[in-house]
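Single chain ahead, by itself, as structure tokens, in the form predicted on its own.
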Amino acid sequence: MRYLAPGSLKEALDILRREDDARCIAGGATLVAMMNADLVAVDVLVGLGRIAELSGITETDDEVRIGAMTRHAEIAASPVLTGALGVVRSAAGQIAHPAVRNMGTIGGSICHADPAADFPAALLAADATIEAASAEGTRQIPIGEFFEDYFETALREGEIVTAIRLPRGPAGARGHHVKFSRVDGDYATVSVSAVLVMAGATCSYARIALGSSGPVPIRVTAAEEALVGSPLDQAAIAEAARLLAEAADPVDDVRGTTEYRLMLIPRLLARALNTLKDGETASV
């Protein structure tokens, strides 16, 4: 195996165009483990750690841009990710343990496309756009189109995720991510990411995403519509949970049976919504 460490995005993209079997490595939290377990064989490994333009969090009036090589820990501690974007900060703070959060990157996480990971659902709830670049140019991929199946994304051959772009979201919004896992630091058995706006005692905006409930994160607009205009009472939450559960297709594995995961959906949805309804901010 050859290891190459380009110093610029252009250099990295040129390598991917030139080499037949090149694979990028970001933080390495997942890929190295897969290589050690002989699950992945790589001829050319392209390290992205020296490419400064892929790291950091910047903001404009309209959006926040997170470079693909930004570490989970930096995202979890960012004061920029407030309001609706608190859902992304909240998810980052619940990934694994500090050692992993200090090593793993958001770009590496979403490119692995594990539906049990924390970022996919949180980014769907935040209405993110994925910025991808190749030697031919740059394109924007709506988050709802990025994840295609278990461990599969819409990335084309030779493309690198360069950034995640997050719109500010509606005024007065709050975001939160809730997960249930067998032990602290594990992948989610089920997770719920929610962005909410309350107009007095009435919900005026809701965007909900389920994680670890199918091959890709799940969003059901009818479930959100069941919440908008309600005081988020038990009946409204139960109807939203029913619609989400109908759309879910969770696996039956060591983290929980299909039946158990479906049972968790209404409980986690209620927990996320009640946290936001009560005006609590996402913890870091």
Partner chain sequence: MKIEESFTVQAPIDRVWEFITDPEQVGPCLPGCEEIEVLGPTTYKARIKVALGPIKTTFKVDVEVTEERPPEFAASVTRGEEGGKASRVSADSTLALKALDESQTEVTYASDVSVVGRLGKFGLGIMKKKAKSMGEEFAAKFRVRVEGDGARAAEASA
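This structure is a prediction, so every number in the text was calculated from the model and none was measured. Residue numbers count along the first chain shown, from 1.
Note that the form predicted together with its partner chain isn't included here; everything after this is about it.
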Original post:
With the partner left out of view, is residue 23 within 4.5 angstroms of its partner chain in the predicted bound form by any non-hydrogen atom?
Top reply: yes
**OP:** Would you check, heavy atoms only and a 4.5 Å threshold, whether residue 235 touches its partner chain in the predicted bound form?
**Re:** no
**OP:** Answer with yes or no whether residue 217 is in contact with its partner chain in the predicted bound form, where contact means some heavy atom within 4.5 Å.
**Re:** no
Original post:
Do residue 62 and its partner chain share at least one heavy atom pair within 4.5 Å in the predicted bound form?
Top reply: no
Subject >> Candidate stretches 223-231, 236-244, 29-37, 62-70, one within 4.5 Å of its partner chain in the predicted bound form by heavy atom >> reply: 29-37
Original post:
Relative to its partner chain in the predicted bound form, which residues of 97-118 have a heavy atom no more than 4.5 Å away?
Top reply: 112
